[in-house]
Structures are given as C-alpha cells and as structure tokens.
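Same chain, two versions here, written out as structure tokens and called structure 1 and structure 2.
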Structure 1
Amino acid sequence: MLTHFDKVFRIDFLLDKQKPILIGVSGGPDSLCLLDLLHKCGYLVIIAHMNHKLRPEADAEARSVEGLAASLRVEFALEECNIRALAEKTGQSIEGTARQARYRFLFRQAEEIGAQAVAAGHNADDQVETVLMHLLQGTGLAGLMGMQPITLPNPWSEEIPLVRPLLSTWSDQILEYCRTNHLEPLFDRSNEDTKFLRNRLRHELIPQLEEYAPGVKSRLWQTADILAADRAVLDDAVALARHSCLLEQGDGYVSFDALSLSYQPLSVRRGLVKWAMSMLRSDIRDLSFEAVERATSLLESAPRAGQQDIALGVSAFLEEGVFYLADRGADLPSKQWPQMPSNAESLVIDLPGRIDLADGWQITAKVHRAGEIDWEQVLNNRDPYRAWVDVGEQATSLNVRGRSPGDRFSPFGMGGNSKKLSDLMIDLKIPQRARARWPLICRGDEILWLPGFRQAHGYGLNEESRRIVFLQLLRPS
C-alpha cells in the first residue's frame, strides 16, 4: 500500500520529499490517514490545526493533534477562531465561515514556511457528496466535476497548490487503514447532525440511492472524473477566447470587447463570466446559473446597452461596445467618452480656441466668415462630432460644462420645443455613468450643442449667417 501511495504522491502530485507539505489535520480518520501515509513515505510534513471553538471538545481535540505532532517530531501550527461570532458578523453560514477561515489559515502558514503544497484529506465519499450537493443546488461542469486532486491557482493562492491525495480512496478503506496501522482518530459528532445538508446526503439520500441503484456512489465518482477531463477542454477554449476578448483587468472590474464576446459559443461566454467573477471575488465557489445568465443576457439585449446586478455586489455593464463585470461603485474607465475634467465644473473656450477634456479628449473652435464655408459639407454633415453654429457677431467665447439639475435642451428638428436633458440623454442611450460629466457647449446657460449627438434649435446656419463657428470634438490620438 505504501508503494502504491508513494508512486501516486511522486507522479500524480509531483511532490518533492525535500520540501515541506502542510497538512490540515483535524484529528479525524481522513487527515490522520493522510498524515500517516505521507510521513511513512518519507515526506517532510508540517501539521496545522484550526480550533473553530464550535464544540465543547474542540480544545481537547486541539491538544490531541498537538500531542500527535510532538510524538512524530514534526512542526505544529495552531490557530483559534470563534467561528460562530465571525459568522454572525459576516452573515454567512457557520460551515462556509469555518471553511474560509480554515483555508486562509492553512495557506497563510504554507506561505510563511515555504511549503510546496497544502494537503487536505478529502476522500471519494466526500467527492460524491459534493457532486450531489452541487447537482441539487444547480450547477454546470464546474460543480458536477466536484473537487480536483490538484487545484492551482485556487482562491487562496496563485502559487501554492491545494492537493487531495485521498480523493480516489473510499472512507471504509481509510477506516481500515487506521485500524490496520493502529491509528486512533477523533470523531466529530457534528458529522452525524442531519440539520446540515452534507450530513443528510451522507446518512439519508445516498443510502436510499444505493437501494435504487447499487454502486451509484462509484458511478457518481466516475462521472465527476469524466467531466473533469471534459472541463479541461472547455477551460482551454475559455483561455484562448480570453486572449481575444479581454480588454482590461483593473481595480474592481474586468472588461471585454462585447462584439468578440458575443461571437463566442455560449459555453465559452459563460466560462468567461465565471472567470471574471473569480477575479473579482476570489473566494467564490460556484456561481449560480441565474447569475451567469443575467450577465450573458446583456449581450443579447436590444439596444446593446444596459446594466444588470449579478451577485455578491458585482454588476454587469454593456456600454459602447464594452462589456464590464465590476464592483458596484468601481471607478470604471471612461476614455471611450468625452468627459469634463474631474477638477473643473466648467471651462471657457475662446473663439477661436481649444480646450482639453479628460483622458485626452479636446474641443476646438474655429471662426469663419460665410464665404469661407463649404456649404455642401455643412448640409451633408453626418459626423456627430462636428457642428457649425451661428452665435452672432459679438460672441468671443463659449462655456463648456457638465449637466446641471433642471437643464432643458431644444434639439434641432423639434420646432423650438425643449425637453429635459436627462430624458434626452436616456433616449439617446448615453450610458448612465457618463451623463453627469458629458461636456455641453453653451452660450451663457443655454445649451447650443450636445457633442456627439444633437445641435440646438436657433443656432443653425441660415442665409443671414455672417460669422460662423466650427466646433469639433476630437478623440484622443
């Protein structure tokens, strides 16, 4: 048996006997078996134990594991955490809080000591329970393939793998190993409490399934193994698509080229959404189907703009051909739109003159006499970033400002009737977060041009125009 496991550890897990392995040891049969196997195989092991303070016997169990480390003459790391209080503070479940706290502790210790891996004692029965739990809660390939023997990167480290050497070993085999090798595991009585879903699966549902279909556990384990191999192919496709679709990964956001993303197969789009979510929420375990669909549905929306809350404080945005997944309140880039500088409420542009906006955008103003104008170019203008206006003979400058409460605008073509600027911006599909600082060209307080969209009634050229101002909004070079 040792020869078999020694081969598995060296080949399947590529573990080096000269480098330390940190083992999370609860004192139960799984972690005790794993510790004994690794130690007897000659690996350099370090024991880590977290006292969750959830049960009266927790302190005694911590002392027992510490005594085991002393008897084996291996290093021991202990951390205590009041999980119940932490769960109440964060609003998470006790099981989820305990898991997160435990793995944060294990990987922190592993990093401090330079461990080559963190080893956990999950077994084949745990794998079956995990797959069933995910199936009942709704999942895709990521959930149905269960846990993986090696996970890197993982939610706790980009460099230190989480390894599960016993994932293909059944719990009755582990108990037999403990008996044969005179190991005395501790048994957590809370594992019998069926108020927890995993325990109900273990003690109620799985035995019933075995009655309907003997051998179902083995088949579920095999299914997870098959799907893991299929998932590897999909992961390669997602990684390849990421290179062509990803635009930027910033502080609190990930952005994709919306058109390139929409051309990807649905499974790849979903995979990219999940990858982006994992970048924003490193501790996320399995994003729900509904959350993924809320994100991908934006790519199929008409018009191709909008916003959708996804999950865990993350929202999806579709703006100007860019698809974002971002924290609420994240400072998203706005280089694709003209925006007023953050340090200026208003600017003055001389006639003629030029002003600088945010992120390299500019507005220029040139003054012409009527005879200097190419009237065909003016009449056939289809460029929303250009405007020819008549502001009279006396005007020497124009104001440029952002939107103000109560602003109204009289667009050309409405017969002089005005409309709330806020409503017009909605009608024009200007992204919500771009509206407040969108530059408005004004004479006094009156808006004469909404750059990129509409010119105002009353400032167009006519046969009596003598002095003409040519305004142009310039993109960053």
Structure 2
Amino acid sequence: MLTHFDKVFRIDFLLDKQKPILIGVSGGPDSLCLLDLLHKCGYLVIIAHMNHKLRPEADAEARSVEGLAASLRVEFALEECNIRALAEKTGQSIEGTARQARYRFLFRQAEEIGAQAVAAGHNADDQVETVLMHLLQGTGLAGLMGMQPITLPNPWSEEIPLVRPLLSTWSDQILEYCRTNHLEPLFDRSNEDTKFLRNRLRHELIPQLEEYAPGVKSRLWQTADILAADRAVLDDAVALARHSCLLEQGDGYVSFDALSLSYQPLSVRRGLVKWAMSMLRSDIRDLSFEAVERATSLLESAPRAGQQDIALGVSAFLEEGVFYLADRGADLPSKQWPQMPSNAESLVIDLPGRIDLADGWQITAKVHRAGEIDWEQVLNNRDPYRAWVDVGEQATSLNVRGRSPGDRFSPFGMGGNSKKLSDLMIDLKIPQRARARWPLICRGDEILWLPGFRQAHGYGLNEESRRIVFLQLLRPS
C-alpha cells in the first residue's frame, strides 16, 4: 500500500515532498490513514483539526489529534467553532454549516503556511454515497460525477487545490490499513445516526442495492469516473459556445445573442444558463431543473419578447434578439431602443434642430416649405423612423419627454379616437422596461409622434399644409 501510494501521491496528485501539505484530521480512520501514508512517504504534513463543539466528546477528540501531532513531531493547527450557534444564526443546516466552516478554516491555514494542497480523507464509499445522494436530489451530471480527486479552483481557493488521494480506496481497505499499522482511529457515533440521509444510504440503501445487483458499489464508483470525463467535454463545449453567444457581462446582468444561443444544442443552452446564473449568484450550489427549463423554454417559445422569473431574484428577458439573465433591479443596457437620457425629464428640440437621446440615439427636425417636399414619398411613407408633421407656422420648438400617467394618444388614421398610451405600448409590444423612458414628441403636452411606431391624428399633412417639419429618429452610428 505504501509503495502504491508513494506513486499515487507523486504521479496522480503531483505532490512535492519539499512543500507542506495541510491535512484536515478529524481523528477518524480515513484521515488517520491518509496522514500516516503521507507521513511515511516523507511528505511535510501539517495537521489541522476543527473542533465543531457538536458532541460531548469533541474536546477529547481535539486533544487526541493534538497528541498525535506531537508524537509525530508535526505542526498542528486547531480551531474551535460553535457550529450549532452559527447554524441557528444563518438558518443553514448543521452539516452544511460545519462543512463550510471547516473548509474555510483549512484553506485559510493552508494559505498562511503556503501549503501546496489541502488533503481530505474522502474514500470510495463516500464517493458512492455522494453519487446516490445527488441522484436522489436530482442534480444532473454535475452531481452524478461525485467528488473529484483534485479540485481547483474550488469554492475556497483559486490557487490551492483540494486533493482526495483516498477517493479510489474503499473503507474496508482503510480500516485494514489502520489495523495493520496500529493506528487507533476515533469513531464518530453520529455516523450511525440514521436521521441523516447519508447514514441511511450507507447503512440501509447501499447494502440493499448490493443485494439487488451484486457489485453495484464499484459500478457506481466507475459511473462517477465515466461521468466526470463526460462532463469535462461538456464543459469545453459550453466554454466554446460562450465565445459565440455571450454579448455582455454587465453589472447585474448577462446577455447573449438569442439567435446564436438558439443554434446551440439543448445541453449547451442549459449549460450557458447555469454559467450565467453562477456569474449572477456566486453562492448558488444547485439550480433546479425547472429554473433552467424556464430560461431555455423562454428562448424557444417567444421569438420576439418575453420575460420569465428564473430563481433567486434573477429574471430572463428576450428582447430584440438579445437574451438577458438579470437581477430584477439591474440597470440593463438599452442601446437597442431610443430612450430619454437618464439625466433629463424632458428636452426641447428646435425647429430646425437636433437632440441627443441616451446611448447615441438622436432625433433631428428639419423645416421645409410645401413646395420643396416630395409628396409621393411623404404620402407613401412606411418607415416608422420618419415623420412629416404640420405644427403650424409659429412653432419654433417641440417638447420631447418620457411617459406621464394618464397620457393618451390618437393614432393617425383612427378618426381621432384616442387610447391610453400605456395600452398602446403593450399592443405595440414595446418591452416593458423600455416604456417609461421612450421619447414622445409633443406640441405643448400633446403627443404628436411616437418615434419608431406611430404618428398622431391632427398633425398629419393636408393640402393646406405650408410649413412642414420632417422628424427623423436616428440609430447610434
């Protein structure tokens, strides 16, 4: 076993005998075995122990691990943490809180001493239990592949890997090693408590599965190994697709080109949604199947515009060929529409004149005499970015403003019947978040043009029109 592991440590885990390794030692058989193997192979080990203060014997266990460190003449780091109090404060589970606190402590220590790695004692049985737990929880490939032998980056460090050299060694082999090497592991009685799902899997489900299908334990281990390799290919595919689909990663939002995204295989679309969610919510662990489906199905169902709550305060939008995942309050870019500048409630455009809207959009006004214009062009105009209006001989300017409560609009050609502007905007499928600051061209307070869509009744040209104002909405150049 020693020669085997000497090779495993060097070749599979790339460990260096000249640099310290921090090992988390609970005192149980796994961590004792790993410590003994590393120590006997000549590695510079440092023992770290966290006293979770959860069980009456916790203090005695901490002293026992400290004694072991002293007898091996190995450095020892101890931390105490009242997990129960912490869990109550955060509302998280005891186990989750203990795990987080422990790894934070281990990596903080590792960083301080410049350790090459943090080593954990997870074994092959732990791996099988993890796979089954994740299967029951429904976590897809990311969960079914279980724990990885080397994890970098990990949630606690970008530089120090978490290594699990015993991940392919079964618990039986570890106990046997402890016996033959006269190690005296502590046994955590909470491992027997079947109120924990993991313990029920270990003591009830897995033995039963072995009865249904002998050898299932090692097959589950292999399955995790196979799936981890599969997952690496999928991760590459998602990373590659990101290059062609990602438009922008802004403050509180991520945007994709909707068309490019829709050409990706479903698995890659799902992967991109998960990636975007992890960018928006770094603490996310598992995103539900339904949440991912809501996002990907928005893309399929709504060719032009739509919105969907996803999870954790993130919404998906589909607007003008752009697919957003965004915080509900995020300041999304609006380059694709004309919007009032954020610092102006209203603007005045001279006749003739030009004004700047947000993000490079502009409106220009030119003034013509009736004899100068091409009436054919004016009467056949189908371009909603252009309007010819008659505002009389006197007007020297027009007002440009955003929407006000109670605004009404009488579309040209509807005989002067007006409707609520807010309803009209919905009918015209103007995206919700673009409505409030959509520029409205007004004579006094009356809207005469909704640029990009409609001209109002009462300002169209007729045979009496003498002074004609040509308005044009210009996209950012």
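What you see is a predicted model; the values in this text were computed from it and never measured. Here, a residue number simply tells you its place in the sequence of structure 1, counted from 1.
For the form predicted alone, the corresponding chain is the one labelled structure 1. When the chain shifts between the two structures, residue 122 and residue 146 travel together as part of one rigid block. Rotation of the smaller rigid segment with respect to the larger between the two structures, from C-alpha superposition: 6°.
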